[in-house]
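The data below hold one chain only, encoded as structure tokens and taken in the form predicted on its own.
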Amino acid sequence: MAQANPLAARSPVRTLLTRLAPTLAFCLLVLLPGCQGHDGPRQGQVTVVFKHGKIAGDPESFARLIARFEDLNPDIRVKDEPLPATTDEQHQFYAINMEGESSDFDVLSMDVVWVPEFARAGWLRNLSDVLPPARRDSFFSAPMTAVTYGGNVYAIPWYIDAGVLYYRKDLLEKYGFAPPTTWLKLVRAASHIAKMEPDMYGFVWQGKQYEGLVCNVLEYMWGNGGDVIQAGDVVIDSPQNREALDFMKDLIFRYEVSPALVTTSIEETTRHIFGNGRAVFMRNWPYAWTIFERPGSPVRGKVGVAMLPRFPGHETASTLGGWQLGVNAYSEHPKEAERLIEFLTSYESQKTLALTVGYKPTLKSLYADPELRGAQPFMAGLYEIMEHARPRPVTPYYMMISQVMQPEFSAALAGVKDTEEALASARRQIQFILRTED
């Protein structure tokens, strides 16, 4: 038997190496550092690591924004490192790493309720000099309150969210209703229209036991003159709050304008129901409007956005959402990190993110920008809603307080607990947390 020619049948690996040999030799002998491409900084460059949640929409839009910063700051390279999608996982990542005094990242994106906790722990760099008092009025007041701790600013508001009321403007016009300004007006409109239209819910909202439930409940409480903490006192079991929480339960069991499924619903659940044309009203965040206006949407051109209703004699209030940018206290490049934050929170960057991603600006002046209002007409109506947004209790212990409120609110809505009993229990637990941690 003739021996096989070893050159007659090469392995795939050998074939690949043969083809790449000239390129490999060139890199090894001449341009070894250059083989890294954009993976490593050039000589004299500082690398700033930016940790954040997943950017909505097309990631290329944000990549171009980062490239623009690098063009304007050739001495800085940005290493963009997204975190897991859920806020709980992001919070855990930050807490573990900064408690260990890690310097592995420089800039971090934070949920609006985290800043006081992180500032008290000593994990954030004081940014009061980056955002002096004269510039703070250019931002909405609610996010500025949320990023201020002990009189100092520890983060800069990046984009803002607030609860809004979506409504089917075509159906309200058809049956002669105006967008409701009080909760009882919403009940009347929702009840009438849902009875007249087949397979239609009156009002959907987020009632599952999670942070979104807290956001929803607080809007009713604030809209009835209530609060959680006032002047250091825990007032969550006030008569105003009991009336507000009872009303939410009545939406399901008494007025029957909200289906029982809202007690297991989150933002996307309700968005799909409303977006498929099966609800008259919906409470949600501003992100949903862009989705409703996409080609092929069953409700395209039929959706209106308004401020949330209130109870008679009180003002409307939306729960503040959104994300803020801060500097890791253990960063080895704090000044370069500050420059990145200043760029990302600037007028032009916030405008770019609003146009390409849909993030709502924290700078008030952008709501009058002609290009932005032309591209997103409902932006004009959002200004007043953002002005009425309120932060959840601004305290380093908010995460623990939320974990108390969630099951108590859920038990009251489901009828497992009497409302008075649930709120009294929440008061005792929150008082214990505040006394223990002082």
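Just count from 1 along the sequence shown to find any residue number. Note that the structure is a prediction, hence the values are computed from the model and not measured.
One more form of this protein, predicted together with alpha-D-glucopyranose (GLC), exists but is not displayed; see below.
A.B. asks: Does residue 341 reach alpha-D-glucopyranose (GLC) in the predicted complex, with heavy atoms at most 4.5 Å apart?
C.D. replies: Contact check for residue 341: no, nothing within 4.5 Å of alpha-D-glucopyranose (GLC) in the predicted complex.
A.B. asks: So, residue 210 and alpha-D-glucopyranose (GLC): in the predicted complex, are they within 4.5 Å at any heavy atom pair?
C.D. replies: Output for residue 210 is yes: heavy atoms within 4.5 Å of alpha-D-glucopyranose (GLC).
A.B. asks: May I ask you to check whether residue 267 falls inside a 4.5 Å heavy atom distance of alpha-D-glucopyranose (GLC) in the predicted complex?
C.D. replies: Residue-level check for residue 267: yes, a contact with alpha-D-glucopyranose (GLC).
A.B. asks: Classify residue 322 as contacting or not contacting alpha-D-glucopyranose (GLC) in the predicted complex by the rule of any non-hydrogen atom within 4.5 angstroms, answering yes or no.
C.D. replies: Although alpha-D-glucopyranose (GLC) is absent here, residue 322 would touch it in the predicted complex, with heavy atoms inside 4.5 Å.
A.B. asks: In the predicted complex, which of the stretches 218-226, 247-255, 165-173, 107-115 has residues with heavy atoms within 4.5 Å of alpha-D-glucopyranose (GLC)?
C.D. replies: Of the options given, it is 107-115.
A.B. asks: Tell me, out of 285, 149, 123, 177, which residue has a non-hydrogen atom within 4.5 angstroms of alpha-D-glucopyranose (GLC) in the predicted complex.
C.D. replies: Exactly one listed residue reaches within 4.5 Å, namely 285.
A.B. asks: Work out which of 138, 87, 181, 145 lies within 4.5 Å of alpha-D-glucopyranose (GLC) in the predicted complex, going by heavy atoms.
C.D. replies: Of 138, 87, 181, 145, the residue with a heavy atom within 4.5 Å of alpha-D-glucopyranose (GLC) in the predicted complex is 87.
A.B. asks: Residue by residue through 136-164, tell me which have a non-hydrogen atom within 4.5 angstroms of alpha-D-glucopyranose (GLC) in the predicted complex.
C.D. replies: Just 161.
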